[in-house]
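Next up is one chain by itself, shown in structure tokens, the form predicted on its own.
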């Protein structure tokens, strides 16, 4: 099967390329910026650019991890967020519809308000910020196509040494002695990128369509998560100091009592932070 990954240079996109490649699948990827020659440069806000990507790859399946994921930036630049997070995926979906091929769209747990997590697939969405509202709107538009699988993850991490990987950023701060503060009042279900991709691919092969929550097995505070990263990598967890969300005065409101669960146990993820190879990140 030929796969086309929009946003292959990101954390999730890179995981898709690695996991499918390891299974012997043919994978083509796109990037929005940078100089990685492995991926074709595509601007998903431009129809001609998307059409060209489809024409070159001739995919049997499309993956859309591409997004503007900076929640605070989206809050302050809603028009740009709409162009990339809503119109871009809808533009890709139209090409998938014309080719009558399935697509996998990566959404977010931020479609929920975080008042009573963890949330399952049938819970009503109620986003608190621009990013979540735009992701919810993209879900609605893409689900109008019968071939769409919407994957909702939460707090994605991986074992890759790249700036988009939260674990890597924490380890860099610890290594360089920078002070770390982490929210003690925000709960979520950290999700390993590789297992998430493998379960999404299994769902595609099962012809699963609609919304699927793919999240890790534990529900942790951000503080607990960062302290565990420190401990597992040989640092004193007390180097990470607690802070409350109210003290940060961030542009975009975060869901606090969040996290995801699934009504479909076949696709449950069991890998935990302890399963990471920290030697690659140090």
Ligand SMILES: NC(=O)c1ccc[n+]([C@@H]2O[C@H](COP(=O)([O-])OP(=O)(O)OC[C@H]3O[C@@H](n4cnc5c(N)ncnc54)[C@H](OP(=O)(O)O)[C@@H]3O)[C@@H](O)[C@H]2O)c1
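Numbering follows the first chain given and starts at 1. Predicted, not measured: the structure shown is a model, and the values here were computed from it.
Beyond what is shown, the protein has a form predicted in complex with the ligand; the following relates to that form.
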Of 44, 225, 62, 240, the one that lies within 4.5 Å of the ligand in the predicted bound form (heavy atoms): 44
Taking the ligand in the predicted bound form as the reference, which of 155, 145, 82, 168 has a non-hydrogen atom within 4.5 Å? 155
Spell out, yes or no, whether the shortest heavy atom distance between residue 249 and the ligand in the predicted bound form is within 4.5 Å. no
So in the predicted bound form, is the ligand close enough to residue 8 to count as touching (4.5 Å, heavy atoms)? yes
Is there a heavy atom of residue 112 no more than 4.5 Å from a heavy atom of the ligand in the predicted bound form? no
Do residue 28 and the ligand share at least one heavy atom pair within 4.5 Å in the predicted bound form? no
Segment that reaches the ligand in the predicted bound form - one of 199-207, 113-121, 68-76, 171-179, heavy atoms within 4.5 Å: 68-76
Contact set, 97-134 vs the ligand in the predicted bound form - heavy atom within 4.5 angstroms: 106, 107, 108, 109, 131
